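Given as structure tokens, the chain that follows is alone and in the form predicted alone.
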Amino acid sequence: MARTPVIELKNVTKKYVLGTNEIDVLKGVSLEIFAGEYIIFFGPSGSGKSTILNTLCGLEPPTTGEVIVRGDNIAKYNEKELAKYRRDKIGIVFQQFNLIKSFKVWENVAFPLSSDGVPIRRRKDRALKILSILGLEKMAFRRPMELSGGQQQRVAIARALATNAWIIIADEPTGNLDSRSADDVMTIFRLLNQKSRRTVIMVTHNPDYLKEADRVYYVRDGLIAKEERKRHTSESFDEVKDIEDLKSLVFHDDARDEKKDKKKKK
């Protein structure tokens, strides 16, 4: 029996009008993504890969074509329906952390739940649990600016998981991180995909990450230039039973921050 894609783009185009000029960013993109896949969009700057992601997120409507997510064409959604889709169906992680500076860390994580009328105590409990899973329980009552870049990105991932979304969309999530923090973040995505079976869709410019994907879509000049099937990294995670085991990972930036804190106290 043929599988049904969880996401399907059908001849999607995207044009921007700048003055009297029209710029074709996407030129008829068609693709399928299946539940539980790890998909990477790879290509040079300006190729259209982030526009594809923004279209999947409902942040940019296509000029023409269909964006089918679990059977619904989100290209026809109104703003209220799009907001609910982004809140309930997908978790989004950007290169810029986009955390609310005036909120505590746990409040940032709990924020997506506020629109659904979830009582504050339940929102807080949910946020604290996710932060604990990602090794950030000690940071829950700090402000985002008190955290390192790697920690802030993990908070952004925690926020994306707050509504228990099974589709995680990430746009250059390691772009602002040092190599060790980037490795930690990629480990989280790998575990979310392999052990929690979340569908992960990522844009990256780093060729080292391509081996993480089930499939890679190479994007060039607004088109899918090539689709390549990959295998998961040979590193075994058989000992990781579920997402709860994420909290046992060693996050290198935490160790550095602890040393900094001790020096400050002295």
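Residue indices: 1-based, along the sequence shown. What you see is a predicted model; the values in this text were computed from it and never measured.
Keep in mind that the form predicted together with a small molecule is not shown, yet the notes after this line are about it.
With respect to the small molecule in the predicted bound form, the three residues Y16, S50 and E172 uniformly fall within 4.5 angstroms at the level of their nearest heavy atom. Between the options P61, G46, G28, G36, the residue in contact with the small molecule in the predicted bound form by a heavy atom within 4.5 angstroms is G46. For the options R70, K211, H205, K226, the residue carrying a heavy atom within 4.5 angstroms of the small molecule in the predicted bound form is H205.
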